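A lone chain, given as structure tokens: the form predicted alone.
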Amino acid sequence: MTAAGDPPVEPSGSLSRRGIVAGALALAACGPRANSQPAADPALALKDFAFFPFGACVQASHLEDPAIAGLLTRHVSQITAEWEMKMEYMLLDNGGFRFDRPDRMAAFAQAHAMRLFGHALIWYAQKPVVFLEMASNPAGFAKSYDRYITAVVGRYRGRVCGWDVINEAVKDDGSALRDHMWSQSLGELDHMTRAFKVARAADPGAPLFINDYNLESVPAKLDQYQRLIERLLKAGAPLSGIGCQTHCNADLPAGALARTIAALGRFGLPVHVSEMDVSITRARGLLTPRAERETAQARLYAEAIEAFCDLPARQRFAFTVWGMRDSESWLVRENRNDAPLLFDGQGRAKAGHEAVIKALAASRKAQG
């Protein structure tokens, strides 16, 4: 192991990291002609080019698959639990807790010097039995709400780099906030403010995020999301970061992602591009040749990276893709013809990977 700041020692005959970066910078400088050149070396590690944490979501079972684990350890510096740190897994019907899979992910992150991001404490879609049974007992409901957040955040205190405290609070059309078990029992805004304050008490050092999707494709939702952030801050919620899920379709117009990330950056808080993927099959115009949609997909990945890099350094919390290989994507589970990620089902780098590497290299060069 080399000391901090020392150049890496390279085996004889191998490429140095400096040489790889220089090659990527040269590729980025090729401009439009680069699209006709050979694809970037699939071995180029994303985390080596990113000057901020680069992450991916995982399930505990993925860590037992050498192919997936190998991609993770090579390419990312942060992992997010896809669903096994939500109530649906951790909270049992009798009010007890199940931490085995989250603990495995935490151990994997620690063993490989990765950050672990907690996702997510309060989500509108969940209706745990233990809370349903006390819907008519406001005091008991509030006590259990606090107990859950305290237990989960407290268990991983000092082991996570942050939490999605409130997940997907805005209606899909942006007309209002969602109505659900938590808002009905504890108040529309109060249940959120309460969650942030309880989480802060359980882990004073953890950045606390709000997180939502379709912000780049539904302007009314982005507006409502920003109003919610303003309301939470005014109410004294210790909100310290903003998540933009960035689940996109390949037909998203150019510029929409850049405008969204810039809009969220105006708060001065850290921004997390938290769940990025780009669907091929959900894009309108299915008569458009697939190759054109794949080209658009790569462009969107590059646009997101460029917009994220344009934020001040202190606001670049992390850039997370929602899976490593297409074969594990939630979108492919819905439609086997989709291919939303940077690596195909065999772990081979795709055009999106090349686009990300080029965008990172170009941004690094531009920023000196």
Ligand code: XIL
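The first residue of the sequence shown is number 1, and the count goes up from there. Values in this document were obtained by computation on a predicted structure and should not be read as measured data.
Unshown form predicted in complex with this ligand; subsequent notes refer to it.
This ligand in the predicted bound form is approached by residue 333, whose closest heavy atom lies within 4.5 angstroms of it. Heavy atoms of residue 247 reach within 4.5 Å of this ligand in the predicted bound form, making it an interface residue. In the predicted bound form, none of the heavy atoms of residue 251 sits within 4.5 Å of a heavy atom of this ligand. Among residues of the shown chain, residue 167 is one whose heavy atoms approach this ligand to within 4.5 Å in the predicted bound form. For the candidate spot formed by 75, 117 and 317, no residue has a non-hydrogen atom within 4.5 angstroms of this ligand in the predicted bound form. Exactly one of the stretches 134 to 142, 184 to 192, 255 to 263, 239 to 247 approaches this ligand in the predicted bound form with heavy atoms within 4.5 Å, and it is 239 to 247. When this ligand is considered in the predicted bound form, only one residue from 86, 197, 101, 221 comes within 4.5 Å through any heavy atom, namely 86. A single residue from the set 123, 148, 108, 156 has any heavy atom within 4.5 angstroms of this ligand in the predicted bound form; that residue is 123. Looking at 256 to 277, the one residue that comes within 4.5 Å of this ligand in the predicted bound form, counting any heavy atom, is 275.
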